[in-house]
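Next up: a single chain in C-alpha cells, the form predicted on its own.
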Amino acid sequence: MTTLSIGSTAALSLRADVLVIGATKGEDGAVVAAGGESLVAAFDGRLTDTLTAVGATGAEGELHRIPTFGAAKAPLVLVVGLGEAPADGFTADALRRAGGNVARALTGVKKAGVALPLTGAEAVGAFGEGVLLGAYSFEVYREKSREGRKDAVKDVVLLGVKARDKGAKAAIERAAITAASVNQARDLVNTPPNDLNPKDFAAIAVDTGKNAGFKVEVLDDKMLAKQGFGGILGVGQGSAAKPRLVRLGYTHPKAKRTIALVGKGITYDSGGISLKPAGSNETMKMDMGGAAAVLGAVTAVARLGLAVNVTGWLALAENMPSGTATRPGDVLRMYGGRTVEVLNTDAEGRLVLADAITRACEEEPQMLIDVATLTGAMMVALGNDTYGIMSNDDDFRGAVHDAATRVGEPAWPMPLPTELRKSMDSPIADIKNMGSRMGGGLVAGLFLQEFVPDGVSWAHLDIAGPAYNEGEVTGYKAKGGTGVAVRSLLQVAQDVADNRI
C-alpha cells in the first residue's frame, strides 16, 4: 500500500531510491520545472544537456530515468513530462495525471521524493490523489503469475511543501480517503461474479459501514417480495443468487439537506432470456459499477465527515436465463404499484433502479442521483471515456457536470426529449421497458424519470463507457474497473455541504 507524506528534508539530502522532478515543453526541448532547481545546480548545467541527449521534450506523460552520479543521496532521478507550462499554473487534473504516471513508473520502488511545482493545498491533493490512484493494481487472483511482479511504490514524500501547512495535510488526508474509496469500487468491479453475487456485495457493504461509520440495512428476497419490489425481484428471479436492496445511511448533526444516491448493482448480466450475443458477456461483471460507485462515495462522505445527509441505495441482482427467469412479454408490478411490460430482459438496469428510486424518494430527499452502466447507446454517443448526465432540472444537471469537471471525470449533459416518451407506451401496462432504438440512452433516462416525484432534483449518470477500461492505461486510469463517478458524487456531496448547490 502506498503512503503519502510531507518531507522537510532538502531534495539533494533525502535518502530515497528515486527523486522525481518535472519537465515542461520549451522551444529547444525539455525545461526542468519549478521544484527541480537544486538538481539543476547539483548537475552543474549538465541536467538539461542530458535531457536533450535522451530526447526529452517535456511532453505530458513522458518519463526519463537519469543516474545522479552522486549529485544527490538518491541514486536516480525520474523526470516526468508535464506538457506546456501554463501561466496560471498546472490544472488539478494535469497534476493528477502526473501523479498517476509517476506512480506507475515507480513500481517496485520503496521510497521516492517528489520535487514538483505543487503550490497550494489543491495542487498537493490532486497530485497525491493521482499517485494513489495510479499505484492501484488488482492482484487478488494471481497465484503463480504473481511471481516476479513488483509491488507499488511504498512511500512517496512530497518535498517543497511546508511541513506545518494544515491545508496541505488536510489535502493529503482527503486524497487518501478519496483514493481508497475509488480503489474499493475498482476492486468490486474487478471481482469475478462467482465471488461477488448480491448477497456477497451486501455483506461487503455491511462491513464497510461498520468501519466507516454509517448505517446499513439489507432487504433480502423475502423482504423484497413482502414489500412489493417487483422490478428487483423480476430481474433476479432467474438466478440462484437472490437479489438484495441495500440502504446506506449517513447523517450529520449540522446537515440541512439530504441527497440520495442510487446505484445499479447487476453483479452479472447475461441479458437474461434476451441473451447477449457472443463476445458481449465477458466483461459483464462490471454491470454493478454504479452500485460500487455509490458505496465508495458514501464511504468517503462518512470518513470525511461532510455536513450533508446522504442515503445510498444499492439495487443488487444477477440477471440470468433459466426456467424461472422473467420472459419478454411479462408484466412486472414495481415498488409503488406502477406496471411495466418487459419487452427485453437485457434492459434490466432501469427496472432495478426504478424500484430503488421510488423507495429512496419516500424519504423525501431534496436531490437524487442515480448511477448506472445502463446503455450501449450512451457509449455510441459519447465513447468510452465520457459519461452522460440527464436531469429533470437544468441547474442541477449543470451543477453535477461542473462537479465532475472539477474532479477530472469527463461527463457531458444530455437531453431528455419528450417526443421519445411515447415510444414506451404499452398496450397492456403503464409503460414498456423499451422504446425507440434511436436515442436509446435518452429513452432509458426518460423511463427512470417516470419514477421520480415532482419536487426532487434528479440526475441520471450513464457510466457505461468509462466504468471499465479495456484499453490503454494512462495517467491514473486503471485497467479494468475504473471506479468512475465516486469522485463526482463525492464532489456533489461536498458542494451541497458547502451550499454551492
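Each residue number is its position in the shown sequence, starting from 1. In this text the structure is predicted, and so the values were computed from the model without any measurement.
Keep in mind that the form predicted in complex with a small molecule is missing from the display, and what follows is about it.
With the partner left out here, the small molecule still marks one of 374-382, 424-432, 354-362, 301-309 in the predicted bound form; by a 4.5 Å heavy atom cut-off that stretch is 374-382.
Residue in contact with the small molecule in the predicted bound form (any heavy atom within 4.5 Å), chosen from 252, 276, 149, 215: 276.
When you look in the predicted bound form, the only residue of 93, 346, 221, 155 with a non-hydrogen atom within 4.5 Å of the small molecule is 346.
By the criterion of a heavy atom within 4.5 Å, residue 121 is excluded from the residues contacting the small molecule in the predicted bound form. The small molecule in the predicted bound form comes within 4.5 Å of no heavy atom belonging to residue 97.
The closest heavy atom approach of residue 342 to the small molecule in the predicted bound form falls outside 4.5 Å. Remark: residue 284 counts among the residues lining the small molecule in the predicted bound form, judged by a heavy atom distance of 4.5 Å or less.
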